[in-house]
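Shown here is one chain on its own, the form predicted alone, set out as structure tokens.
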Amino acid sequence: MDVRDAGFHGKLDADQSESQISHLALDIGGTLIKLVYFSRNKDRPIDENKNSKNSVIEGRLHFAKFETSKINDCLEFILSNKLHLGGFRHHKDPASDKILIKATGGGAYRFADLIKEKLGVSIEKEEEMECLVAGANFLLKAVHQEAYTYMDGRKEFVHIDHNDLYPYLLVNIGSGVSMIKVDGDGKFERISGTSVGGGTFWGLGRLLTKCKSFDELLELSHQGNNRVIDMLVGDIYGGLDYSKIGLSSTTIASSFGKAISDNRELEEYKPEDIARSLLRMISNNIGQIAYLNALRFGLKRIFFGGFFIRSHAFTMDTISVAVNFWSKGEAKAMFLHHEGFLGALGAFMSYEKHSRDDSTSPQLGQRYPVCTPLVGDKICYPLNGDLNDNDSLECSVYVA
């Protein structure tokens, strides 16, 4: 199996052993499986802290993804790299050799038996929304240049004031869309959502264009022109703006609207134009609903995550334009560099629940002069250095 085709983002050394891999966590969604795991830097010794009961292990958090329909490829990857051994054992049953790994998402229930059969480990399920929020909070506080805006081809990183982060709206775009009002660590409420999300784009795209994968469909949209299919304001007003209500001639009046009067069959339309129109329709819809919910609760910050975005320029630009239009420039859409791994990262963080009883369990925490004393094991931030694309993050683990 070629892990590049499977969507793998990590870099495993050929001689990496299970002793250097720990704490695998999964987010098994309806469309994609996301993995997060920690690997120790084998060339760096454990730093014993004489002033604390904690030792420091330096390493990296790795990220990988697979299509849920290809879960056997994912399990093969985990098994061949012995990632499944990076779980934990319940301290209440020290005689047991049963390993548990953390997982969230609907697939944690759906595929629990299959995972146990193939990997010989059991799943400890974590609540999906809690994991999404925990992952987002960590990234926004921990990673330099994690959040950014994107409009008109310009990417600008956003400075996050940790003392003024909450409240914010988290818009997670997976197969469907969840909109979560986040008020603090562990404090959140799902306030809205829509069934028109990444699964809609992929599902309709497969039916209309015969694309075999999400990325193929996304790539196809690069080449398309949505104006061939979408009815614009200018099409209705003879090429003119509807300036009285602030609509330019290029504003979409009706997605796929021209298909009504063109008297053309599906095969007469270019697949790339269909893909572009479909992406524009869904992105616009999500951006509008997100802003209206932010307005409803008086939220000034809107962060978009989930693998629908894929750091795709046209997707981000469309969402940004929608938020800017409906807010009349008062709000901006913000995106996350590790957008698709929020749930998996949150599941990884949940290992801290066992840190008081298991000295190998990590707990995410802060490394600031004003932080509280460390309890158990912690992954510290700010992280050691900036981002290394989407494949991994350098970090440290405190081991009690």
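Quick caveat: nothing in here was measured; it's all calculated off a predicted structure. Residue numbers run from 1 along the displayed sequence.
What follows is about the form predicted in complex with a further copy of the same chain, which we do not show.
| said: Counting heavy atoms only and using a 4.5 Å cut-off, do Asn72, Ile78 and Glu124 all touch a further copy of the same chain in the predicted complex? | reply: Spot residues vs a further copy of the same chain: no contact at all.
| said: The chain here is shown without a further copy of the same chain. Which stretch in 329-337, 24-32, 342-350, 58-66 comes within 4.5 angstroms of it in the predicted complex, by heavy atom distance? | reply: Looking at the other structure, the answer is 24-32.
| task | May I ask you to state whether Glu128 is within 4.5 Å of a further copy of the same chain in the predicted complex, using heavy atom distances? | result | Glu128: yes, in contact with a further copy of the same chain in the predicted complex.
| Looking in the predicted complex, any heavy atom of Gly238 within 4.5 Å of a further copy of the same chain? | It does: once a further copy of the same chain is placed as it appears in the predicted complex, Gly238 has a heavy atom within 4.5 Å of it.
| For Tyr109, is any heavy atom within 4.5 Å of a further copy of the same chain in the predicted complex, or not? | Tyr109 belongs to the contact set for a further copy of the same chain.
| task | Spell out, yes or no, whether the shortest heavy atom distance between Lys187 and a further copy of the same chain in the predicted complex is within 4.5 Å. | result | Although a further copy of the same chain is absent here, Lys187 would stay clear of it in the predicted complex, with no heavy atoms inside 4.5 Å.
| task | Find the only residue in Ile289, Leu100, Val321, Ala147 having a heavy atom within 4.5 Å of a further copy of the same chain in the predicted complex. | result | Contact check passes for Ile289.
| Quick one: of Lys118, Arg206, Lys270, Lys141, which gets a non-hydrogen atom within 4.5 angstroms of a further copy of the same chain in the predicted complex? | Spelling it out, the residue with a heavy atom inside the cut-off is Arg206.
| Considering only 223-261, what residues come within 4.5 Å of a further copy of the same chain in the predicted complex, judged by heavy atoms? | Those in contact are Met231, Asp235, Ile236, Tyr237, Gly238, Leu240, Tyr242, Lys244, Ile245, Leu247, Ile252, Ala253, Ser254, Ser255, Phe256, Gly257, Ala259, Ile260, Ser261.
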